[in-house]
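A single chain comes next, written as structure tokens; it is the form predicted alone.
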Amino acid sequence: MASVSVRIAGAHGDGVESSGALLIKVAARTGMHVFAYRGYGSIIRGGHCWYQVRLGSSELKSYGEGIDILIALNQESISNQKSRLRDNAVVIYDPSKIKVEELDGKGYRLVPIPLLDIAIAASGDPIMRNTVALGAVLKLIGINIEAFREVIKGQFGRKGDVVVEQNMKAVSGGYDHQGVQTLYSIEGDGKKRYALDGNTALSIGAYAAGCKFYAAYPMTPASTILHWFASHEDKGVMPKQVEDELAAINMAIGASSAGVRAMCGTSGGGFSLMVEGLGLAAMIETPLVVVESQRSGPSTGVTTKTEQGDILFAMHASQGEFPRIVVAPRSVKESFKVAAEAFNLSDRYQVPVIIMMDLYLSEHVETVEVLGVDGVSVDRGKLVTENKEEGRFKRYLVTEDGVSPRSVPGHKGMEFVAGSDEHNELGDLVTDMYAGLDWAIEVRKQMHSKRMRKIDTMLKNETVFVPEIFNETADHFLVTFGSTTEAAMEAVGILNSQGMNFGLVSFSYLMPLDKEKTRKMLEGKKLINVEGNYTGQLAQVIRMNTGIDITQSILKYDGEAFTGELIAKEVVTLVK
């Protein structure tokens, strides 16, 4: 597969991310496939950061292990990135600002360009030196410069023709510079594609499903979900930046109780604060969607690095037992799909749905052709507007499937009590009267077993609570969940190209889990667990539900994301 990885490196404030975003748009509009990811610290200005954009002629599954083209915008970029340069990598730099003696004799192709001088001549603004370097990249990978003009017109056209021409002059300075020639052949298919990160895709999916209220306290890496909803208030949604995560979840519960499809979002630290509210939603059986985008922990941890360390926490958050759905999307496109499905599942079974993103999935960018917005259906479950039985409305009616009729305020004769204490079918609290009386004991048993029956109903009615298997006749299988899946799929391709016979078992919905079907799928197979944490949490879930113990694992907990090449390399070591 033809692909090339371009890494733009510099300091915060150098325009690293904006340059990467421009390259992504140009490539996506010329029919290339893109997979991009960034590395940055928590400080706003200063400090080292990078943006890696991998371009390919077919679908990509990770941002790539090494660097083919490096744009070095400061001296630190050379020393910090040299260990990641592939053989014969191209290094673009400004010789008046950067020394590259440490790269001499290493076989790299050094391309000195007076980036600052060309930028000043083009616009008078030093920041445009990254645009000059971008022009050189377009030439190196064979993208017509007119594709850049189309993107610039769309992005800066409102600022006038002068700004557009300044950008074109800057990019042409790098494109036409002596010594820059086409070295890579990455051909697009001419299809224009969307370039989205996971949080954006999730937000669009939630909106397509009818989400009208989103509450959050800003916390990386979930913050951009709030940004998306805030930028779409004119579309009939209400975003609410609240004082803390307790307010966020309780406001979402309130909105849902009023009949609005509502969601709240945070990272692990904020989810810790939401736990009490999660139990409240379960007790009053109010639909609720919660997004938890994981990052390195514990506590504040590493705020701008990824991890998959919160799965067991989400599956057992809050005291007591209650049904919930925990799902970890595996790609940008699936983030859209899962978000849309979450609201239907939450309404259908009146349970909390926890969507487990992580920094890698929330922030990396992929190209997708179709999201399927028009195909999203809405199922509000047993939402009723009329009491068809005599007497008071039995909001918590004991049913065979565990799901009771639900009403929202405003309908005559449909009033009920929604309290956090145990209650009877009408919602009347029994806690104060619970002194070991037989009738109170029976109410508790009925209500608790009614709620828990939803698990069997979900497993009976839905097909999503089993993992997917690829290449069923393989000799070995990688076992993954969530965002690690794409890199693992790439690793399977690499391993099989080397003459091995590997398959993949991939989990998206983690709770509830169809134990019997999962056990039958996994038993007797040679399994290697791959996940982004220290303790192998997915392997623990599998063992707890099926009794199958996966003895070989590839675990990553340094804050960096998996790539296909890295997994393949580790696998070869394990199976030798």
Partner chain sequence: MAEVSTAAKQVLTSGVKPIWCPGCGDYSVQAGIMKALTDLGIERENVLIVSGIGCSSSMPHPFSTFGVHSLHGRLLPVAAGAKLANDELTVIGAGGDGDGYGIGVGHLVHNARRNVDITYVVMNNEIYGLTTGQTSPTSLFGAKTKSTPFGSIENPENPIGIALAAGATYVARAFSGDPMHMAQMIKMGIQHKGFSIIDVFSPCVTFNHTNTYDWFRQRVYKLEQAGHDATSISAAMAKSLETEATNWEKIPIGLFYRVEKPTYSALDMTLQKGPLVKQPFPTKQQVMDILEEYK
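Worth saying up front: this structure is predicted, and the values here are computed from it rather than measured. Numbering follows the first chain given and starts at 1.
Below, we refer to the form predicted in complex with its partner chain, which is not included among the displayed structures.
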>> Using a 4.5 angstroms cut-off on non-hydrogen atoms, would Glu165 count as touching its partner chain in the predicted complex?
In response: no
> Using 4.5 Å between non-hydrogen atoms, is Lys235 touching its partner chain in the predicted complex?
Replying inline: yes
>> in the predicted complex, is there a heavy atom of its partner chain that lies within 4.5 Å of any heavy atom of Phe271, even though the partner is absent here?
In response: no
> Wondering, does Val417 line up within 4.5 Å of its partner chain in the predicted complex on heavy atoms?
Replying inline: yes
> Taking the partner as it appears in the predicted complex, which of 541 to 549, 65 to 73, 504 to 512, 25 to 33 has residues with heavy atoms within 4.5 Å of its partner chain?
Replying inline: 25 to 33
>> Only one of Arg109, Lys106, Arg444, His411 gets a heavy atom within 4.5 Å of its partner chain in the predicted complex. Which one?
In response: His411
> Using a 4.5 Å cut on heavy atoms, which of Leu246, Leu397, Leu183, Val464 is close to its partner chain in the predicted complex?
Replying inline: Leu246
>> Need the contact residues for 195 to 216: heavy atom within 4.5 Å of its partner chain in the predicted complex, sequence order, or none if there are none.
In response: Ala195, Leu196, Thr200, Ile204, Tyr207, Ala208, Ala209, Gly210, Lys212, Phe213
